[in-house]
Structure formats: C-alpha cells, structure tokens
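First, one chain by itself in structure tokens, the form predicted alone.
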Amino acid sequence: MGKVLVLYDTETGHTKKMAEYVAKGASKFPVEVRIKSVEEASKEDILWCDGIAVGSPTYLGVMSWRMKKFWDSIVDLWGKIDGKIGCAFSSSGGWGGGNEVACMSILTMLMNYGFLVFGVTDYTGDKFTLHYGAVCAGEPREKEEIKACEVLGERLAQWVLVYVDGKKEYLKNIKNQ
C-alpha cells in the first residue's frame, strides 16, 4: 500500500487547514496517509513516504524559513529519495500575494532532491485552478478553495497508486477528471 505524507508549516493555522483538506483528499484512495507539521516531522517521515504534499505559508514569495530549514537539515538523504512523488500548496495574506511562486519554490526544492513533481490541470471553480498546487488567500473557506486542496491530495494518492503500487487502473480516473 502506498504511503502519502502531508507536510506543512503554519503560522496562523490557514496552511494547517489546507493540509487537513489535502489529507482528506488523499484518504479517498487506498493509501496510508500521515499529516505532520514541519516542527514534528523527521527525515524518517521522508524516507517512509512514497508521495508528499508540502505546504507552506507564503513569505516574501517563497516557502517559510522553517520549511526551508527542515529540508536543509536532511541533506544527508540526497540521492536516497529520488523518484518519490511530490506536490505543493500554499496560503498567503491575499490574492496576488505570491502563493503560486511559493509553490514553485517548494517544487524546485523537491526537484533538487529528485522528486517527480506535478501540477493539476483541473478547474475547481470558475477561473480557479491549481496548476502549481493548491493556493489560498487566508483560510480555505470557499468551496473551490477546499476542493482544490482535496483534488491535490486525490491526485497525489492516484499517482502513488499508479507509479508505486503499479495500479494502472487509476490512470483512467486521472484522465477522466
């Protein structure tokens, strides 16, 4: 059974709320899901997972210092975690606050560790998509914001099922959404 980690940092609780929705989405599929804050996570959690959703508040257009510090502290995993699947999500103080750029900083960091990263082409509402990951201004309250988080978790679980567990039947689900 595939294993999914939802790793997040939060200051106000908004990114934690997003993480809970991402985990809820992943839990709709037959994978084991763990949700951990960056302060309680360890490198063993990174070794454990097959797929990871990394969430951070947007700070000056990039991930939080705590998230960056965590990944900097596990550099000894370099070359040991290649091929795991990863995605990103971020909350910001307002729309246009840089949350898509923050997602890109997370994806770039994951790629440097050898993660296979993805975006999602689905629309979760009128003019609302998550190409670089799920994004939110403040707490996720609107249905399209909540759905974006859940879809991200669903897609991560599906890719883990396809690429790690070899369950190609889940490709059909991805292509038909």
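These numbers were taken from a predicted model, which means no experiment stands behind them. Quick note: we count residues from 1 along the sequence shown, nothing fancier.
Below: the form predicted together with another copy of the chain, not depicted.
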Quiz item: Even though another copy of the chain is not shown here, does P30 get within 4.5 Å of it in the predicted complex, heavy atoms only?
Solution: no
Quiz item: With the cut-off set at 4.5 Å between non-hydrogen atoms, does K147 touch another copy of the chain in the predicted complex?
Solution: no
Quiz item: Could you tell me if L130 has a non-hydrogen atom within 4.5 Å of another copy of the chain in the predicted complex?
Solution: yes
Exercise. Would you please decide whether A26 lies within 4.5 angstroms of another copy of the chain in the predicted complex, comparing each non-hydrogen atom pair?
Key: no
Quiz item: Counting only heavy atoms and a 4.5 Å cut-off, does another copy of the chain in the predicted complex sit next to every one of G2, T12 and R34?
Solution: no
Quiz item: Which residues in 92-112 have a heavy atom within 4.5 Å of another copy of the chain in the predicted complex?
Solution: G93, G94, W95, G96, G97, G98, N99, E100, V101, M104, S105, L107, T108, M109, M111, N112
